[in-house]
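Take a look at this single chain in structure tokens; it is the form predicted on its own.
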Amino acid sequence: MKVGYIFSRLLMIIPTVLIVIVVSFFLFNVSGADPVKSVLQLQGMVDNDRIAADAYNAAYKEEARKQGRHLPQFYCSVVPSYYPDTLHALIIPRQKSFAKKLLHTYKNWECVGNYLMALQAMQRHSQLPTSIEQGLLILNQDVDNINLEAMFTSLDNDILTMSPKQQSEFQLLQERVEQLDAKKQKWFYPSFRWHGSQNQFHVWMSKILSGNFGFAMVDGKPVWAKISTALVWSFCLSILSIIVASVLSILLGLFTSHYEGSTFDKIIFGFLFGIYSIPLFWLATMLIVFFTTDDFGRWTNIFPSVGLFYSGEEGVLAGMAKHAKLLVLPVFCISIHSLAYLGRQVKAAIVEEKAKDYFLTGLAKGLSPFQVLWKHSLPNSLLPFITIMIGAIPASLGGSLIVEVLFNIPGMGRLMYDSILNNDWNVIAAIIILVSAVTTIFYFIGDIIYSLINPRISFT
């Protein structure tokens, strides 16, 4: 039943998009990007000296809690048995990294936690002997690979210069270090932990589903504002390219199928496949070099030089109209590069239709071969062509990275390229999720269009 088929296909979109969201989230977390640090940098706070370390750490913790970074990453986790349930509460990256290092070495959270608290207690003191401060720095980086006995022996004289409270806390630190080695464990087992809905992914996905993609970690601008502007540029550029390539490929396939096997057919497709075999970046570069300057003659300076500047003050469509001449060459570049493949597909489909009985029937009725091709064979041969076009439209939302970078067009491809260079995973994840959602929706629409064009296709 058509209604049941349509409903089932709509439901398939949901798990597809959810999988992409999950993958994007974990890629974000393993990328090394730190959205908390990015916010603090935009606010002018940099962790660059010890005097400001406490203030920076306090600001870092506050911002991390606002973003939900103090929560577990996912609904559940499988971790070594020696991991505590509260490891995610260590917000400062250096502290968490050092705690994990100690855990992997000693596999005893009780001793590791006691050691970290004793170490932090000592570091709160602002006036300590230089040798003691250096020793604390060493203990805050490594414990297992240093000669602790020799280090503490060398500090005996300096310990006597400290206050009684400092001496007591330093003695406790020594005991905690000894306990680390004395209670070191060698075995563990995997442990399943359930964290519930209070986790980073749940908070992040809730914002995504509500349309809040957050802010760009480079300039602090809303992600959706940057994507929406780039999306219009890429969509218009790609739609223009698709229209030009479609019209030319249909005409090319129609004429070459009429003259199949002729010298005209061989020369045309030989030339086009030569163009298709050229890498797109090289083709774009050659077009820029030879057709935007007069270095090789005045007749080669056909198009304006590359360097589109969009201030954002005017509307996107107004900006495109203003820079229309700069879009001619990239549209031509994309269209001519795909023309050989699309034209070949149309030609192959028409040739297949020519072998069917209705083609001979049309000829028997007095129609010319070209009339039969135009009125009957061409409409019936467009189904595979529509398949390609439906896949090309959502793909265009991702932008043509090479063309947009080389021709300096502020589209989705250029935005993705810049975001990857700057490790701006908020923008990257938003683009990935948006393109995947639109792709599944377009393929769903394609199935509906197939049934309207060809009633023989059944919904099963």
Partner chain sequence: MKAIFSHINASLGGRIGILILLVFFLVGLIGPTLIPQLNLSAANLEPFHPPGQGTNNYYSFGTDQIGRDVFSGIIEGTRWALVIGFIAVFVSACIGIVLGVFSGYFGDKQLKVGIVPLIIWTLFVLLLSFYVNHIQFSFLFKVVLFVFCFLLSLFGLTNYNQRLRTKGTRQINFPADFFVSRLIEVWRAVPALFILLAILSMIRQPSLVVIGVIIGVLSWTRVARLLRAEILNIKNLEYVQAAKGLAYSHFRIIWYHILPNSIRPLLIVFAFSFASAVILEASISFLGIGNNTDLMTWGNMLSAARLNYRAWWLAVFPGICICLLVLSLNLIADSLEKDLS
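Treat the numbers as computed from the prediction; the structure is a model and nothing was measured. Positions refer to the first chain, counted from 1.
Missing here is the form predicted in complex with its partner chain; even so, the following discussion is about that form.
Colleague: Using the partner position in the model of the complex, report whether Ala53 sits within 4.5 Å of its partner chain, counting heavy atoms only.
Modeller: The answer is no: Ala53 has no heavy atom within 4.5 Å of its partner chain.
Colleague: Heavy atom to heavy atom, is Gly413 within 4.5 Å of its partner chain in the model of the complex?
Modeller: Residue-level check for Gly413: yes, a contact with its partner chain.
Colleague: Looking in the model of the complex, any heavy atom of Tyr189 within 4.5 Å of its partner chain?
Modeller: Yes - in the model of the complex, heavy atoms of Tyr189 and its partner chain come within 4.5 Å of each other.
Colleague: Evaluate Ile336 for contact with its partner chain in the model of the complex, applying a 4.5 angstroms cut-off between non-hydrogen atoms, and reply yes or no.
Modeller: Taking the distances in the model of the complex, the answer for Ile336 is no, it never comes within 4.5 Å of its partner chain.
Colleague: Since the chain is shown here on its own, which stretch among 159-167, 353-361, 207-215, 280-288 would lie within 4.5 Å of its partner chain in the model of the complex, judged by heavy atoms?
Modeller: Flagged stretch: 280-288.
Colleague: Scan Gly196, Gly274, Pro369, Pro384 and let me know which has any heavy atom within 4.5 Å of its partner chain in the model of the complex.
Modeller: By the 4.5 Å criterion, the partner-contacting residue is Gly274.
Colleague: Quick one: from Ala58, Val46, Leu42, Val30, grab the residue that has a heavy atom within 4.5 Å of its partner chain in the model of the complex.
Modeller: If I apply the 4.5 Å criterion carefully, the residue I get is Val30.
Colleague: Using heavy atoms and a 4.5 Å cut-off, decide whether Ala89, Phe98 and Val112 all contact its partner chain in the model of the complex.
Modeller: Result no, not one residue of the spot touches its partner chain.
Colleague: Judged by heavy atom distances of 4.5 Å or less, which residues of 74-108 approach its partner chain in the model of the complex?
Modeller: Residues within 4.5 Å: Val78, Val79, Pro80, His104.
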